[in-house]
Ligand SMILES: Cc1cc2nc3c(=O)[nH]c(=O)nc-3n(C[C@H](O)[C@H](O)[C@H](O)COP(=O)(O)OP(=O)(O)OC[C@H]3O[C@@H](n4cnc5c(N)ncnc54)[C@H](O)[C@@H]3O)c2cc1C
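There is one chain below, alone, in structure tokens, taken in the form predicted on its own.
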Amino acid sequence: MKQLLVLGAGSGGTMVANRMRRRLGADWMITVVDPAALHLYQPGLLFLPFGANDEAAMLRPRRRTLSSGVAWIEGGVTAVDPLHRSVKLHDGQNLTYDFLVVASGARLRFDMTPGLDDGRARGDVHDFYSLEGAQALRTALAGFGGGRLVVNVVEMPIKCPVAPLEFLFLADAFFTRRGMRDKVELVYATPLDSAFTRPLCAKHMQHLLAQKGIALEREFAAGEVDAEHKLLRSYDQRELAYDLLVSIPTHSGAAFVEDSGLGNELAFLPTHKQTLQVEGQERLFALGDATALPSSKAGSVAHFQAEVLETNLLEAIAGRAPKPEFDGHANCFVETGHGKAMLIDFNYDVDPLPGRYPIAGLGPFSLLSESRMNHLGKLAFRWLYWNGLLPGRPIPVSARLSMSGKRLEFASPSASQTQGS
């Protein structure tokens, strides 16, 4: 029997496994390897620090998220050997494969910034990129009496690049509701030279930051945390004092990617930006946060990649070259606080643009502007995730970016060039 092996059962791995189970016959076994017994809805982590207590709705048993006919091995991976098409597990078991998909996500590397773990141990440094971290931060914010709250991105890339900004916007609303906004100084320290990676969107984000009284510390490359004195120090020796530090630490790929010699300096897999085939490996593909692609590490990206990968796995199985179909498409609802959100839709070449989505002139969502409908869309996404995206069901949104509904008079040069090509 032929074997399709998927390493990782997060969003990307689960979607690919479920999609391929419907496309491959009984002569194919599909096996997913993941050590976690529960599947976590990661977008929900953003709301936990601000009082949400719906963890039960964010977690499902792993077996329930995988289609019948997809085998699941509850274990970790030690190494991948592409030459012999084998994968070694922590328990010593060796699995062979005909095709391999790596969807092992990204690790939070607090250990890579000196002093960061010391601050976490003292209770002054927190994160919201893990369930435990978001729960602890919920307790910390509930008892926060005022002072300087610094949100710092240590290094790019990170999962969901807009999440740090969303956290600050929600923090502004949270402290306003509690009648203590004037007692809290909010600061965003980023290694970027602006609030976001795309220029037009960055202007909108910076306007919102200024409007909400949130200070922006640009080009702040965090080098260490002085936990005793509550100081965040950059490599160029700038210092930011904090009463509470919310850190988005360095991200890296899975340890087995590094140990197998397949990744870059951060253990992300060099992957063809359009076919999703791992560079130099005919039978190895990757998607989601595990890749070194210049696309956003967001859940919507994994969904669009899963559609492309479904096609390209079938092409590769048939002995044909994979198709260059992935264009870096990403769309994200950005919570801006007070029951509103912004929606951005972009790809490798086209920056986020204003307009209406997904239907030109109708929406119902507005692009690059705040609305109540966008906020409701973000909340409704959880249902779509569990019932549509994760099972791999068809969704009436193209994996490729559509220019329909976008106002090109605001387009960046790259967008205009793409539209005219």
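Note that residue numbering follows the sequence shown and begins at 1. These numbers were taken from a predicted model, which means no experiment stands behind them.
We do not show the form predicted together with this ligand, though everything after this point is about it.
**Student:** Should the three residues Ser104, Cys160 and Lys378 be counted as contacting this ligand in the predicted complex, with contact defined as a heavy atom within 4.5 Å for each?
**Tutor:** Yes, because Ser104, Cys160 and Lys378 each have a heavy atom that approaches this ligand to within 4.5 Å in the predicted complex.
**Student:** Heavy atom within 4.5 Å of this ligand in the predicted complex: which of His126, His204, Lys297, His329 fits that? Just give me the one.
**Tutor:** Here the answer is residue option Lys297.
**Student:** Among the candidate residues Pro364, Pro35, Pro61, Gly51, which is the single one with a non-hydrogen atom no more than 4.5 Å from this ligand in the predicted complex?
**Tutor:** Here the answer is residue option Pro35.
**Student:** This ligand isn't shown here, but in the predicted complex, which of 92-100, 128-136, 221-229, 312-320 has heavy atoms within 4.5 Å of it?
**Tutor:** Answer to the contact question: 128-136.
**Student:** Can you check whether Ala302 is within 4.5 Å of this ligand in the predicted complex, heavy atom basis?
**Tutor:** Contact with this ligand, yes.
**Student:** At 4.5 Å between heavy atoms, is Gly392 in contact with this ligand in the predicted complex?
**Tutor:** No.
**Student:** Tell me, yes or no, whether Gly355 is in contact with this ligand in the predicted complex, where a contact means a heavy atom of each within 4.5 Å.
**Tutor:** Although this ligand is absent here, Gly355 would stay clear of it in the predicted complex, with no heavy atoms inside 4.5 Å.
**Student:** Is Leu343 close to this ligand in the predicted complex, meaning a heavy atom pair under 4.5 Å apart or at it?
**Tutor:** No - in the predicted complex, heavy atoms of Leu343 and this ligand never come within 4.5 Å of each other.
**Student:** Mind listing which residues of 66-96 have a heavy atom within 4.5 Å of this ligand in the predicted complex?
**Tutor:** Stretch hits, in order: Gly75, Gly76, Val77.
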